[in-house]
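For reference, the chain that follows is the form predicted alone, supplied as structure tokens.
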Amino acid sequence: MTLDQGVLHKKYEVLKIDLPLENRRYLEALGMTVKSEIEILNRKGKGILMVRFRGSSFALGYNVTKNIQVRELA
């Protein structure tokens, strides 16, 4: 599933980031890497999410969230 399909207040593991190299490196610099844990804090409109990873909160737009493959953590 992709991150934009996620449910509020659930935690996910990042499986794949399918973005252009520049965008992928930016997210990696912030701490979002493959196998990192991410939690959805809030949803604004279609696919725009407030998320938390590595102890910090960020807003990610639909064009980003639809290209991040995740799986739900138990």
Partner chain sequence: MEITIGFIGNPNCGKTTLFNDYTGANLKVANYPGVTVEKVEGQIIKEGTKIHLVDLPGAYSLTSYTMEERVTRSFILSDECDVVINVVDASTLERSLYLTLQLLELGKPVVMALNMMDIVKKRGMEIDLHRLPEMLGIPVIPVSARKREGLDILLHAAIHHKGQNKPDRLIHEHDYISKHPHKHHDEYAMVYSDQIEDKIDEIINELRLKYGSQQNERFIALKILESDGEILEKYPELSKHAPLQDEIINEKYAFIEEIIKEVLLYKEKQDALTQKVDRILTHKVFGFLFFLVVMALVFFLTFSIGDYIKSYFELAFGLLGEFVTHLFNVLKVNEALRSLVVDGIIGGVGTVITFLPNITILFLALAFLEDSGYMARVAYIMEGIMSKLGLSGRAFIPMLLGFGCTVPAIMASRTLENKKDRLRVMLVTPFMSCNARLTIYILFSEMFFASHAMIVAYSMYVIGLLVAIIASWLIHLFDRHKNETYLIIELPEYKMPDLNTVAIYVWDKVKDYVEKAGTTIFVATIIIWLLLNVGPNGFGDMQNSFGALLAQKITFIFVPIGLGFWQIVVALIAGISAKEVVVSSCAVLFGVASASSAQGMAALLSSLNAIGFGSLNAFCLMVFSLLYIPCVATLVMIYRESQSLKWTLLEGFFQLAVAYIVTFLVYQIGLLII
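As the structure is a prediction and not an experimental result, all values here were calculated from the model. Numbering follows the first chain given and starts at 1.
One more form of this protein, predicted together with the partner chain, exists but is not displayed; see below.
*Asks:* My question is simply whether Ala59 lines the interface with the partner chain in the predicted bound form - judged by any non-hydrogen atom within 4.5 Å.
*Replies:* Ala59: yes, in contact with the partner chain in the predicted bound form.
*Asks:* Applying a 4.5 Å heavy atom distance criterion, does Lys10 contact the partner chain in the predicted bound form?
*Replies:* No, Lys10 stays farther than 4.5 Å from the partner chain in the predicted bound form.
*Asks:* Quick one: is Val14 in contact with the partner chain in the predicted bound form, heavy atoms, 4.5 Å cut-off?
*Replies:* Result no; Val14 lies far from the partner chain in the predicted bound form.
*Asks:* Taking only heavy atoms into account, state which residues of 10-27 are within 4.5 Å of the partner chain in the predicted bound form, ordered by sequence.
*Replies:* Sequence-ordered list: Leu19, Pro20, Leu21, Glu22, Asn23, Arg24, Arg25, Tyr26, Leu27.
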